[in-house]
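One chain comes next, on its own, written as structure tokens: the form predicted on its own.
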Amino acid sequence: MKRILTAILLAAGLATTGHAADLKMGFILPSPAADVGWAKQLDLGREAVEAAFGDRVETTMVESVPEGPDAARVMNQMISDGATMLMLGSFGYMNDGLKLARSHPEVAMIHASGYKQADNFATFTARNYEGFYLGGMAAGMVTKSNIIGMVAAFAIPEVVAEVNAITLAAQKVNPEAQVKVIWLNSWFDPPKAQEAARALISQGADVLFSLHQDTPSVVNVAEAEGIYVVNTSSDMSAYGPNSVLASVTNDWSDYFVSLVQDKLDGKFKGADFRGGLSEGAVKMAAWSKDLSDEQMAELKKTEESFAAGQSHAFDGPIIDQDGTERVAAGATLPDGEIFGMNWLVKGVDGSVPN
């Protein structure tokens, strides 16, 4: 059942501070802000804003908002209720949000994973590929079948880059490793995610990746089947104490706080932020105790090298599925091409849907 909140429910969710806040800020999330997942990490960023500014900033959060007309209605309602800053937590909110930003120049917006900006419309993206490269290394180290399965949400460039980073890393430590991908075309579909996980296991995968599934559905399958899994956004090891190989987590607290401060100071600028290990937007958690000291040392060395800018997940040579050299030895794939990636590397069994 859709959980679209009306104006009455929105008003009921507003904090009561006893006096008018300097700033009202609305957070729109694509899925439930449960105890783990992408929406949870965004909501933790909202809590960080409240902690940093106290009663100067009043926040409202609406969860489980589908992309499309429903999201546009919630955005409009928040602005009608006095919000002058919005956080739009899904890629599919971009066009409606940008249209609204242009008609409300007094409202600052920050949008997840988008690629369009305006003076009052900023975008933020995690360099999750850095974390998933590390997860791919770990997967290549522990797999016995040499088959790694990925349950992936949408084939947007961000997720395609993660698939490629995992594959490159796994093959670096284990040249025999192969990767199989199932695209769900959904950010939130636990039954479909579990079905895909079981299909990959039936094809021999003994390590799974849950790429942007906002629940521990894939982790639950891995735990039940006794195989490893690397998940997105939150530490999900509580759901898979024996199965979680690592969790690639996101922390938006510093970013949200800094942009709220800019809005309060009248300095908000619609820039593009891409945060990775060095900025703390991507963090590794819940490394499995099954990894040896030697393996962990190699993983930590690579993590430190990425964070320091000494090496990169997309250092060449890189060959795509068709055998074309995409990145030469000694070169690094440019940032614009990473965030516009629509091709897969050699070793991936699957394709990029149109």
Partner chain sequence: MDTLTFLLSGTLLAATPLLIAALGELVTEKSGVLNLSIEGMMALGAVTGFIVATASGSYWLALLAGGVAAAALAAVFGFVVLVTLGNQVASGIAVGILGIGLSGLIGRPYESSTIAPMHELPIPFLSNVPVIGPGLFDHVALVYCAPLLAVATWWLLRSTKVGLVIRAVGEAPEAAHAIGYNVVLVRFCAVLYGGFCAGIAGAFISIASATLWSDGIIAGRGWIVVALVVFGTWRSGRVAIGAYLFGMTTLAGLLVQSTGIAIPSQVLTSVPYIVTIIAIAMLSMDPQRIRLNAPVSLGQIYHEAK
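Positions refer to the first chain, counted from 1. As the structure is a prediction and not an experimental result, all values here were calculated from the model.
The following text describes the form predicted together with its partner chain, which does not appear among the structures shown.
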Counting any heavy atom within 4.5 Å as contact, can you tell me which stretch out of 251-259, 130-138, 208-216, 168-176 lines its partner chain in the predicted bound form? 208-216
Which residue among Met284, Leu184, Val107, Val142 has a heavy atom within 4.5 angstroms of its partner chain in the predicted bound form? Leu184
Scan Met296, Leu44, Ala34, Ala52 and let me know which has any heavy atom within 4.5 Å of its partner chain in the predicted bound form. Ala34
May I ask you to state whether Pro241 is within 4.5 Å of its partner chain in the predicted bound form, using heavy atom distances? no
Going by a heavy atom distance of 4.5 Å, is Pro191 a contact of its partner chain in the predicted bound form? yes
Contact between Ala122 and its partner chain in the predicted bound form at 4.5 Å, heavy atoms? no
In the predicted bound form, does Asn220 come within 4.5 Å of its partner chain, counting heavy atoms only? yes
Looking at its partner chain in the predicted bound form, which residues in 47-81 have at least one heavy atom within 4.5 Å of it? Glu63
